[in-house]
Ligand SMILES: Cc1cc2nc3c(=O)[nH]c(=O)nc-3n(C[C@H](O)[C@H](O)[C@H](O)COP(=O)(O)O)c2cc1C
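One chain follows as structure tokens, the form predicted alone.
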Amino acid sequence: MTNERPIHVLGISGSLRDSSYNTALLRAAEELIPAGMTLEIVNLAGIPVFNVDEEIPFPKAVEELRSAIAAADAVLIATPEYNSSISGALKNALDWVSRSPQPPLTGKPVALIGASTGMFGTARAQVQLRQVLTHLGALVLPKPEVMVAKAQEVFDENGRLTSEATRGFLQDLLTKLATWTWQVTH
């Protein structure tokens, strides 16, 4: 993979919680990002509830998110699993960014990761998120899948990912995202 400039990845956490395992997973990705890539993490906390009556003009927080996605070469989404699905905050943000003649996720390489305290990680949420993103025209990385189960056992009290196996899976996904991004954008 030869590239004259770094691949810029936008990291989006689907959790609004201050001590979110999904945000912590994105911070671990920041530590493990391969050479030739950068990662910028954004917060969805300021995104209002979607209302078509308020979309013209887009609220400032929505426009900032749309611009950040458009400027990124790829997107890395860390999704929690709430009630066997993606979070309302994440779905809401995706609904907002999809609204325009030029939705910024169309043709954009995207990789999925997720952490949950449950036994199944974020398997069900990632299936649903993949479906939504495919509908939006995103180019979702098929493999590998990073679904962290029992997150409370692989993160320490400071939110640092301590599981070497999980760090290895995450690093592999980031390497594959770099290759995927290069392939689909060149």
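Not measured: the values here are computed from a predicted model. Don't overthink the numbering: it's just position in the shown sequence, from 1.
The form predicted together with this ligand exists for this protein as well; it is not shown, and the discussion that follows is about that form.
- Using a 4.5 Å heavy atom cutoff, none of Gly88, Lys91 and Gln128 lies near this ligand in the predicted complex.
- Residues within 4.5 angstroms of this ligand in the predicted complex, judged by any non-hydrogen atom, belong to 117-125 and to none of the other stretches in 132-140, 117-125, 60-68, 42-50.
- Proximity of Ser20 to this ligand in the predicted complex falls within the 4.5 Å heavy atom cutoff.
- Within 4.5 Å of some heavy atom of this ligand in the predicted complex lies at least one heavy atom of Asn83.
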